[in-house]
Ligand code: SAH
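For reference, the chain that follows is the form predicted on its own, supplied as structure tokens.
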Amino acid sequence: MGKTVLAKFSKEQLRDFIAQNNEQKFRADQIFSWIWAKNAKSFDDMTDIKKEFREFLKENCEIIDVKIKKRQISKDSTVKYLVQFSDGLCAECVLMRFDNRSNLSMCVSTQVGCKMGCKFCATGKNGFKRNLLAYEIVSQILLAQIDTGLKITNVVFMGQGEPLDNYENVIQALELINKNLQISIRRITLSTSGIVDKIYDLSKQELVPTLAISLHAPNHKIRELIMPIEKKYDILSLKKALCDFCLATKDRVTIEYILISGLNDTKECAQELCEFLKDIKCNINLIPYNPVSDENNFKKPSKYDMMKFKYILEASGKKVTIRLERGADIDAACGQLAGKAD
């Protein structure tokens, strides 16, 4: 029988476990704080717990059972982790630092692999293996904090997998991040390719993160070409869901739009996108295509074409940004996470 993983316990469960092992329940609060607030790397770090009990914990427990299989550091200081779970499967997550900002952002994965099959993304090319449990999602943040000794301030559900395809575990993970890691829901963003019924469900939750929509096309024809989900949830039903989401939550959504040279970055596409988005309360995040090994021969647009596209959208009254590229030299940028161990 393996060791007991303490990070899997709620505070109440941890208190019960401590009591069952003949220790006072307040020890559970101390241990909980060491795990979730103080980035304890080992039980030896827990200096306010008596040595005898620390020895018991070392012999019978572990803080987390998720391991770093591989770590890569980009020239821009982005860190990509290949994380191995207890069953041996792996997924990638990314720690991002930005110059002149105190924020430290963690991009987490929600699945091993992905079912969506977007043509511009590396994740789905290896197929779908399984959903990650809520604990496994949150443990990516814990692992990065333990590794760096730093406090994560922002979380983005933009790693491997489709978060709304793993809805129940993602909702539980949001609660754990907010409650245990004390990260405000306003500092959490969830990105989806557009599972319409789950967008409606999300709008009714007590904790509603910032919603980012992977749109990537101004019309049904182009979107269907690059995103198979368009066949089930077409762009018009997605638009209605977004309008209803904004009305229900009183929040803006973020529209994510990968610019692919010659495909969806034309003046006509920009004008059509303006028309499509005019009724949606949103900001727009343009993302230059990041090359992945594929058969599509997609190319990154020129800077001139990106700026022209941005200008047309801004003229419609929307706030538009071009995403700062992070970690491309270690395949950690948008669409590049493949989860390979070699």
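One-based numbering along the sequence shown. For clarity, every value in this text was computed on a predicted model and none was experimentally measured.
Just so it is clear, the following notes concern the form predicted in complex with this ligand, a form of the same protein that is not shown.
By the 4.5 Å heavy atom rule, the three marked residues W36, L95 and Q140 all fail to count as contacting this ligand in the predicted complex. Proximity to this ligand in the predicted complex, defined as a heavy atom within 4.5 Å, singles out one entry of C121, A144, C90, V196, which is C121. The single contact residue among L242, L211, M158, A270, judged by any heavy atom lying within 4.5 Å of this ligand in the predicted complex, is M158. Heavy atoms within 4.5 Å of this ligand in the predicted complex are found in exactly one of 129-137, 185-193, 144-152, 69-77, that being 185-193. Taking the partner from the other structure, this ligand in the predicted complex has a heavy atom within 4.5 Å of a heavy atom of E256. Not displayed here, this ligand is approached by V292 to within 4.5 Å at the level of heavy atoms in the predicted complex.
At a distance threshold of 4.5 angstroms between non-hydrogen atoms, P301 is out of contact with this ligand in the predicted complex.
The shortest heavy atom separation between I287 and this ligand in the predicted complex is within 4.5 Å.
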